[in-house]
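Below sits a lone chain in structure tokens, taken as the form predicted alone.
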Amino acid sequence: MYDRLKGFRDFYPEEMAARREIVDTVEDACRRYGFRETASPFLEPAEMWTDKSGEDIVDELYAFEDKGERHVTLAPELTPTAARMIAAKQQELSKPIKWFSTRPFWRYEQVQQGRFREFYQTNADIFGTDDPRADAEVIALAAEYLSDLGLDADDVEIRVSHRDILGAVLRSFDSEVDVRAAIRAVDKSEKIDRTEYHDLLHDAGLSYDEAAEFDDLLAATDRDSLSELADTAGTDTARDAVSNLTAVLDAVDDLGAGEFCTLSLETARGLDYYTGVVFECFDAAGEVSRAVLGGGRYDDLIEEFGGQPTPAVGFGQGYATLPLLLERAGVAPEESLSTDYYVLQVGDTEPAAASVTRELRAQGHVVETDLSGRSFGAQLGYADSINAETVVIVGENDLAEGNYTLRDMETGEQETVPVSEFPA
């Protein structure tokens, strides 16, 4: 008997039915917004990650040497692959480029709640425009499918921030600050206590007094206080960032998703490649601690991965935490099988049963029929186990009279219908 690998999961039919409903809802919203589906290899050259991040990142990858002596890895994220795809056909692609895909990724990391070594994610990205309306559109897309899944503004909050505002405020202090390290500290701020947070800011170059002042400045929660923050920073970068963030939030309002969003300068996103607006979605009740989704603008990354300069914004929707949120809110899809019809055979009726099965499937119904030569009772029990809505009994006596018997599995009621009239 073999054990499943740590950090990997099996999905049985009932679980997969609920999972498929969630993924389909996300993807349907992507298509309505004009995002076009892509697919890409699961295996990529490891250099796509090691060239940028160094050989140390290999410890986090499922990397190996293949039979052609190539250093390859199972992809841990999508962005380098998207950059490669865009670079290959950059002159042929109409801008803006709006892509989405749902696929697995792999990272060799510590397994914990909501984090696995194999994980599935839908990525939705817009390439080729730095217009604030593009940032707003990906945020509105996320809000739309969360709403489609049964969540509302009381269930979730999309926290929106801007990396350049954080950077400008940090540079306004007299101390020599490692801005990237300080922003990484901000990203951890809600997961650690204030003393540890201020220690991290101090390690990044701020004095403890400056760390406390910086902490207070990030408490800005409305658009008026953003202007005051830009004045405090006193740079064009800060003013431009505030103007950009305000434009994005206004566009989000125009798209009808404003009620889902809150201004949260303590949202920073830990990855260094973000260049502008960033956002994360959380359980408003606080019971699911990990972010449900996250993303932002990354205008330099495509060029860093070998493409031409290409502004970009997007997000990743994972499928480990989202089901937890749906369960907490009481709107999770039911983990059950769904079958429209079970065609039950009694006696030597296989050709007739096959005929009605084929006709029902041609109409788009989910249909099962006997494949094991089981008794009437065994077939009826199986139909119940697969949650069949209706059983079509194809029996020798009924057929001799030109009829089928239909059994409603919920009520147990039966009716006889002429073969010529079913399926309608």
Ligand code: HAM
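None of the values given here were measured: they were computed from a predicted structure. Note that residue numbering begins at 1 and tracks the sequence as displayed.
FYI, the form predicted together with histidyl-adenosine monophosphate (HAM) isn't displayed, but the following is about it.
In the predicted complex, at least one heavy atom of residue 321 sits within 4.5 Å of histidyl-adenosine monophosphate (HAM). Interface residue remark: residue 253 is not counted as part of the site for histidyl-adenosine monophosphate (HAM) in the predicted complex, having no heavy atom within 4.5 Å. Contact check for residue 121: a heavy atom falls within 4.5 Å of histidyl-adenosine monophosphate (HAM) in the predicted complex. Although the partner is absent here, residue 315 is a contact residue: one of its heavy atoms lies within 4.5 angstroms of histidyl-adenosine monophosphate (HAM) in the predicted complex. This chain appears without its partner; in the predicted complex, the one residue of 99, 173, 305, 116 with a heavy atom within 4.5 Å of histidyl-adenosine monophosphate (HAM) is 116. Of the candidates 260, 298, 342, 145, 298 is the one whose heavy atoms come within 4.5 Å of histidyl-adenosine monophosphate (HAM) in the predicted complex; the others do not. Considering histidyl-adenosine monophosphate (HAM) in the predicted complex, the lone stretch of 273-281, 193-201, 332-340, 83-91 in range is 273-281 [heavy atom distance within 4.5 Å]. Within 4.5 Å of histidyl-adenosine monophosphate (HAM) in the predicted complex, a heavy atom is found for every one of 79, 125 and 293.
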